[in-house]
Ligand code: 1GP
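As a starting point, one isolated chain is supplied in structure tokens, in the form predicted alone.
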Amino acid sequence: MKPGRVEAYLHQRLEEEGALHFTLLDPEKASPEKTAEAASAAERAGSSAILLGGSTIASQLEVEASAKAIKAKTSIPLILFPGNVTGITGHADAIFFMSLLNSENPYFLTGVQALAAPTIKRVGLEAIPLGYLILGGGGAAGYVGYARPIPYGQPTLAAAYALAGQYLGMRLIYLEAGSGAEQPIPPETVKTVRSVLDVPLIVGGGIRTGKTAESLVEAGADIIVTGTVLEEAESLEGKVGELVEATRRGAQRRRRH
């Protein structure tokens, strides 16, 4: 299956810039209007895409209303990042079609995907296959997804799972520390995982500063995702701008190496 329009856009931007920043917005945390305003501010500050979703089960009405509002105010891709089947709407550009690779519950490996696939096809969403791995404490995503989080001190285990995801056909791998994680995934873990992969690597969870974002990109992250820190920031646009600039610096340092 050839990459769709959004996936091709991501690869082109990665080739041009080396690394990207995505803004994650939760439709349960604010009204559709406020969510759309946040998305617009993130675009102005340099985010390359908006992810819409959360770990808990949002109502499909909330997801749909937020997606419509975001699309009316932004031009960058809106990608669904669903926690369950209720996170699907046809008013987005694409969906991360995820399998939680270290879940103990088959529902999050292939079950929910089978339930969601007919709807995704019917509404015409671009599905981007993604292997999702939860590390460290795991947060709400780990709890809801019945994950066995991979300890931060076991980077080779994380690399083995990530490589398995690639061999199963996943075109992106996402290392998740969990929303609001106290500590981000260590750069050494990112470096170890990056060393075995041929597909883009996404890292999220616990990233609160530009310094952290820069170090993770330099270690091998291709895409940095932030959400909770933006909810807490006095100026979302200012915080996204800081993280985008740090992501670019990290990419430049990695290229020099």
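This is a predicted model, so every value here is computed, not measured. The numbering used is simple: start at 1 and walk along the sequence shown.
Same protein, other form: the form predicted in complex with the named molecule, not shown, and the subject of what follows.
- Among heavy atoms of Gly180, some come within 4.5 Å of the named molecule in the model of the complex.
- At a distance threshold of 4.5 angstroms between non-hydrogen atoms, Leu24 is in contact with the named molecule in the model of the complex.
- The closest non-hydrogen atom of Val225 lies within 4.5 Å of the named molecule in the model of the complex.
- Heavy atoms of Pro32 never reach within 4.5 Å of the named molecule in the model of the complex, leaving it off the interface.
- Residues within 4.5 angstroms of the named molecule in the model of the complex, judged by any non-hydrogen atom, belong to 225 to 233 and to none of the other stretches in 225 to 233, 63 to 71, 190 to 198, 39 to 47.
- Along 148 to 176, these residues reach a heavy atom to within 4.5 Å of the named molecule in the model of the complex: Tyr174, Glu176.
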